[in-house]
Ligand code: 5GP
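What follows is a single chain, given as structure tokens, in the form predicted on its own.
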């Protein structure tokens, strides 16, 4: 696949915009910040702005996090606009800025965004993360510890600190290069990936305690209702990692975690092993993601959602079995 020449794309640009998906995770935040720091050095005189929903506080350790704009002005025009880690329809409030930009560039690694949504696209589903792809486009002469730290954060969050199946030998080589820039990578891993607040541990415990096995123990599901979130005072960001912990249950091939976002509406997260392509499951309901990690939004009661998901998961088991 043909790569992108970032400097050529941005040559002569006065205003460059960067955005990622709604409810930004580590890879989204890391890739956006890394690219912005890089372009500020590589494209002289350009004004570079990152637009995201407010990221979790754990990402404040990255240089430039404090400059993220959370309220885009739809009247603003950009010479170049990058959509990272998603397709245009998941950019949220920044979607209009992307669509009306002079040049639209899409960099992503989600299999559900196969063809991209920009004038130029760099979509590689086999890559561990969008951060890895962004790093591969950067000229080493402009790299520094702050850029390396942002890229590294994105990679560790999408690979589970190099333990998920999307980790390749190239991912490991890049990780080694990045820590060579001298930032405290052990502290970064501990404070942004493993460390949890007391209330996050409480809601995790509640989700595990009330989880239910189904399909002869091959699947596990847990749900957090809005009233429970309100009781503990948690936000969707506090629920990160619950579905992965469910997936760690012995004998489970597919984990499902739901939290209520509205009346008869749930955000669904799916994790699996090689026996279930959850990207196909989520895609059936208008979502997307990776083969082993995906998500969607579904309407109905909790039982409606699980019954509908079960039919699609069962089809995946039938394919493998």
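Residue numbers count along the first chain shown, from 1. Please read these numbers as outputs of a predicted model, since none were measured by experiment.
The same protein also exists as the form predicted in complex with ligand 5GP; that form is not shown, yet it is the one meant from here on.
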* Proximity to ligand 5GP in the predicted complex, single hit among 90, 157, 247, 104 (heavy atom within 4.5 Å) -> 90
* Hey, in the predicted complex, does residue 112 get a heavy atom within 4.5 angstroms of ligand 5GP? -> yes
* Asked: How about residue 62: is it within 4.5 Å of ligand 5GP in the predicted complex, going by heavy atoms?
  -> no
* For residue 43, is any heavy atom within 4.5 Å of ligand 5GP in the predicted complex, or not? -> no
* Answer yes if any heavy atom of residue 277 is within 4.5 Å of a heavy atom of ligand 5GP in the predicted complex; otherwise answer no. => no
* Mind telling me which stretch in 49 to 57, 289 to 297, 62 to 70, 31 to 39 gets its heavy atoms within 4.5 Å of ligand 5GP in the predicted complex? => 289 to 297
